[in-house]
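Below, in structure tokens: the form predicted on its own, a single chain.
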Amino acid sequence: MGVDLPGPRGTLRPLLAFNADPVGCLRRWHAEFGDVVGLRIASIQLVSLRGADDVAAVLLDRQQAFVKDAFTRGLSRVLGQGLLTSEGAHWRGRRKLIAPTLRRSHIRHYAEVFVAHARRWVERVEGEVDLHHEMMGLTLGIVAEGLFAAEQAADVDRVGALVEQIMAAHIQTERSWQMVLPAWLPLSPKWRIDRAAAGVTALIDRLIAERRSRPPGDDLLWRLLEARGEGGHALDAEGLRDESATLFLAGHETTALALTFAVELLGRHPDAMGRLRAEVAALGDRLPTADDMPALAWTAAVIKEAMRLYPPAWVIGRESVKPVAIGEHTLPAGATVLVPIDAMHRDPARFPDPGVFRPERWLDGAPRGRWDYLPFGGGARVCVGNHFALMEAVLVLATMVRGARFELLRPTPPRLMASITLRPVDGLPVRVTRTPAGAAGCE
């Protein structure tokens, strides 16, 4: 049984439009119909909720009436029952076990890893490159060392290739005729996902075994090996693999995209880039550290604004397990509910001139509602690695700008692909030119 909601009329045309461009459709539909948009697709009731009170109800106040949506549950083919995909008591137990390993006090240790990898990237890369591809490799290397205390370049390249296969196949499982192909059929999207996931699993199992054979350390994997939950229980082999896969694969993607889009936006706003270079130059002839985070306020504002305009996690999906009242409407059991983070971030009621790149909006001290800005999700299931990702992005961007200049090679903003994350369709072609150390403030 459906519910009558404002939204596009018909079924086939809205469905085809949504499959072709879900981000653009949600932006347009919310601009036209308001904070609540409904769409009926065969037997599926699709509801997108942009209003702050409705978002709070789904993610916090009435969260017990929802589970992850079918798309997110499908990620278990790759991530098992890790933090991103698990539910209920299983999820709560894992969250309590893992969250302490990613506290602010612990992630300061990783600042040197962030900066060292960024410095080596600057020393290695020059000329015309796809910055998105480069940032994926850079952040994968950071996660490999920070999580597994591993630095094998071949492993990083292998995981990067597997991630690309998984991303491409997931789009086809959701928005292509190929979604009907069974998983056992060779070359079907689900078959390709399973094959790539097997490669990831084998690699992670080997890295875990290698880590067990080495002395204790401060890396995240060692903390997970030592962590004990209620009753003194440690993670079993399957749990350790699932959480490692989640941290490894999801842990690098958000930061890579934030850095990619930040450079793209800075390339179109030279005044903002000049201010960033001046801020970095003020640190003197040395690389940034965790202690410099307060002095890198503009750099952090650039990252936050990039994640507002191009949120890597562009939507949150839930499915109602029982009828639930949200605002003026009662949603039926089985409804697919979207929290459209991208559309929320471009809501003029939340952000004046929402389509304009204005990092200063993060420096003016203006109060913001709890449910206005959600680059890492919200509620009880907010991303456990959000502090890690933000510090990583700020310190890596500062290190890159200190040692290199970036020239955009495409005259138009990137076209977007809404996969598991929001990605540039054709990457980001740039020309990288190294500069003398300490010359970040020079034009």
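In case it trips you up, residue 1 is the first one in the sequence shown, and so on. Just so it is clear, the structure is predicted and the values come from calculations on it, not from any experiment.
What comes next is about the form predicted together with a small molecule, which does not appear here.
For the three marked residues, 251, 307 and 377, a heavy atom of each sits within 4.5 Å of the small molecule in the predicted complex.
Put simply, of 58, 37, 389, 400 only one has a heavy atom within 4.5 Å of the small molecule in the predicted complex, and it is 389. When the small molecule is considered in the predicted complex, only one residue from 163, 122, 102, 338 comes within 4.5 Å through any heavy atom, namely 102.
With the small molecule omitted here, the record of contacts in the predicted complex names 81 to 89 of 270 to 278, 349 to 357, 81 to 89, 328 to 336, defined by a heavy atom within 4.5 Å.
Remark: residue 246 counts among the residues lining the small molecule in the predicted complex, judged by a heavy atom distance of 4.5 Å or less. The closest heavy atom approach of residue 382 to the small molecule in the predicted complex falls within 4.5 Å.
The shortest heavy atom separation between residue 318 and the small molecule in the predicted complex is within 4.5 Å.
Contact check for residue 312: a heavy atom falls within 4.5 Å of the small molecule in the predicted complex.
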